[in-house]
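Heads up, the chain below is alone and in the form predicted alone; it's given as structure tokens.
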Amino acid sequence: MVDASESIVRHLPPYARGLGIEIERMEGHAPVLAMDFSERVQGRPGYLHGGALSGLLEMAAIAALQEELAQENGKKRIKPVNVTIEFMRGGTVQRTYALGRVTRAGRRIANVQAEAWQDERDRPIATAFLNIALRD
């Protein structure tokens, strides 16, 4: 039997594995993703690269949406239409977490928010808003 986190990881794009993203834990039906700091995600010395942080946020949103659709028994193909990232502070040399939250999943479009944090969850380092196309 495959547990939920194995199933989620299997359905994430290869880009997620390239960044070293893994499932930290589940919060309800939404997975909390984690990414360790390493050379492959480093931007300027001592800080997380904005592209890697954006990738973590996008993967958190996709994972949350896939779990939401799985709960509804809805097998759909998903494609991000637009992504807006708000960088609030620099990510430093430590593990970064991200959680997505589906705010609305219609028949054709889903709206998903995601936030990333390091030390304190109530002090996010970045947030994302995604509109994702849903196809049968």
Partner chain sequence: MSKPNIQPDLFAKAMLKGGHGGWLGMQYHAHGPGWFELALPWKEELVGMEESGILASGPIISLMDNCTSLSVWTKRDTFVPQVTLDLRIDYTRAATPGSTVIGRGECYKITRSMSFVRGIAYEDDLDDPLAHAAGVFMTIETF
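Numbering follows the first chain given and starts at 1. Treat the numbers as computed from the prediction; the structure is a model and nothing was measured. Note that the rigid core is defined as the largest set of C-alphas that superpose within 1.5 Å between two forms.
Beyond the structure shown, there is the form predicted in complex with its partner chain, which is absent from this document and is the topic of what follows.
Since the chain is shown here on its own, which stretch among 26 to 34, 107 to 115, 49 to 57, 94 to 102 would lie within 4.5 Å of its partner chain in the model of the complex, judged by heavy atoms? Of the stretches listed, the one contacting the partner is 49 to 57.
Just to confirm, residue 44 within 4.5 Å of its partner chain in the model of the complex by heavy atoms? The answer is yes: residue 44 has a heavy atom within 4.5 Å of its partner chain.
Can you work out whether residue 121 and its partner chain are in contact in the model of the complex, taking contact to mean some heavy atom pair no more than 4.5 Å apart? Residue 121 lies outside the contact set for its partner chain.
Can you check whether residue 39 is within 4.5 Å of its partner chain in the model of the complex, heavy atom basis? Contact check for residue 39: yes, within 4.5 Å of its partner chain in the model of the complex.
Partner proximity in the model of the complex: residue 73 to its partner chain, non-hydrogen atom cutoff 4.5 Å: No, no contact at 4.5 Å.
Is any part of 12 to 46 within 4.5 angstroms of its partner chain in the model of the complex by a non-hydrogen atom, and which residues would that be? Stretch hits, in order: 13, 14, 15, 17, 18, 19, 39, 40, 41, 42, 44.
Relative to the superposed rigid core, does the CA atom of residue 12 travel 2 Å or more between this form and the one not shown? Comparing forms between this form and the one not shown, the residue 12 CA shifts at least 2 Å.
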